[in-house]
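Below you'll find only one chain, the form predicted on its own, shown as structure tokens.
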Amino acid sequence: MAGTNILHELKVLIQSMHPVVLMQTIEEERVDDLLRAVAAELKLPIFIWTVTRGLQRVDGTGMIHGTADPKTLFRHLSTLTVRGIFHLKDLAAHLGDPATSRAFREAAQAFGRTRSTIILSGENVTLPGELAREAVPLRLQLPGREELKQTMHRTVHALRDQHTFEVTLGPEGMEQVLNALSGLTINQARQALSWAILSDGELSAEDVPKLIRRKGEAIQDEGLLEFYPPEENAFELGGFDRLKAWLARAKMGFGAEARALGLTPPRGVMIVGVQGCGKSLAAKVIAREWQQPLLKLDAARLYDKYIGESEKNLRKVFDVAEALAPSVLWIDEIEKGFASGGDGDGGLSKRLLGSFLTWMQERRAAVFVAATANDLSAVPPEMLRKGRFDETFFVDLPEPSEREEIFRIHLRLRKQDAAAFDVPALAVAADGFSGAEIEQAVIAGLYKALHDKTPLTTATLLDEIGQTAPLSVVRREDIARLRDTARGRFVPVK
């Protein structure tokens, strides 16, 4: 059975005599389940129409002859006196025909009198202007925990008819499995569960990592988001003491004590600053410190050449992030996806910005937004206003002690003993280097050592540092301007 909220919303729409309800979704089977539940409560018959079978009643009375053609279908619907729910599944491709559009409108007007309801479902159902005014949109969000639990029980029951396996899940294991499935559609969850069960003949807490990997693949297949599960997020961050202290305090907002005081979870941070100095790494570390799933959105991926698709892409991002809550949504280079000025794209970026700001203000799920930006001049001022984000942090070039820590981290990550190097001397030589430039110096030094078939030494690293012109030199004026803008306005991360 579908979630209680969506059931209630659809039930109210049908009872209040809305003749057409539009449900944008790929989950056709889930819509069928939802309609069966609503119809049972309201004691109404359900009719389903497809282009291959025409119109038929769900109780199995057979196809109504001649109704496979959309125009014939609507002429038939206009003559009905029975009150019912009519789920039309393959209609979107036919609505561009003027005669079909006119017949649809007449049927909708007739349904306004008979109190019947047409349900249109599909991933990309676009109604012509005059028809759009007849329809009420209803968003079918990703399934919640109750739906996923019911899906798990149904899947296990169905598989037992053909296979032998064990289910060894206690209450804690059940919660872990449901967490692993959150963010998937019902069909994706069913397939992932079946695969986990049949791959080793059991469903246990040990299957959770496998389910999480499947979820990551499913999310990334959509092409909008990258998924980092908590247990695979092992990123380290040198310095950033003020940010880390802020995160330790903000984490309290997810607990029961904060809820008891009427406090809401933290909303997000904007991290701006010099390129290569750890803004992206900071976003990853937020999710690691809080042990929450991390979703990365490259804002430029939202844009689609087809009208309306970019807005739908943004809604998909919101749906996935909320389904995975509590979660961290990392928006990389946010200035590339949202703009408040200019009409060069027909106002699309303005609409996306408006949708994003509205969601930031109104969302109820515990989704923490970690936005990073390189170009402050391109960040819409609406985003920097207090209340959008909990705090805006500025990332400058690392100080000597931070450069030492960064060298130690990258040496350790590459199987080197940091104690064997003169790290303070390396930090002094790398004055003006970003964290990314320090990492590249270590990598370049290792390649040289491998080529020369000698161990990596301090001298090799100093040589690589001496041959590098850092960004602070190449773009000295740009960085000075960025620092001037941030001074007094944003909180330093250190």
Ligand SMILES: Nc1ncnc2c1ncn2[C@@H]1O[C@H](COP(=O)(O)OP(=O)(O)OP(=O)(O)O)[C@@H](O)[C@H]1O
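Residue positions are given as counts along the sequence shown, with the first one as 1. All values derive from a computational prediction rather than experimental measurement.
There is another form of this protein, the form predicted in complex with the named molecule, and it is not shown here; the text below is about that form.
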When the contact criterion is heavy atoms within 4.5 Å, does G173 count as touching the named molecule in the predicted bound form? no
So in the predicted bound form, does L237 come within 4.5 Å of the named molecule, heavy atom to heavy atom? yes
Can you tell me whether P70 touches the named molecule? I mean in the predicted bound form, with a 4.5 angstroms heavy atom cut-off. no
Using the partner position in the predicted bound form, report whether I409 sits within 4.5 Å of the named molecule, counting heavy atoms only. yes
Considering non-hydrogen atoms and a 4.5 Å limit, which listed residue (A436, L55, I46, L462) is close to the named molecule in the predicted bound form? A436
Of S194, N313, Q275, S204, which one comes within 4.5 Å of the named molecule in the predicted bound form, counting heavy atoms only? Q275
In the predicted bound form, which of the stretches 102-110, 185-193, 117-125, 237-245 has residues with heavy atoms within 4.5 Å of the named molecule? 237-245
Need the contact residues for 371-386: heavy atom within 4.5 Å of the named molecule in the predicted bound form, sequence order, or none if there are none. N374
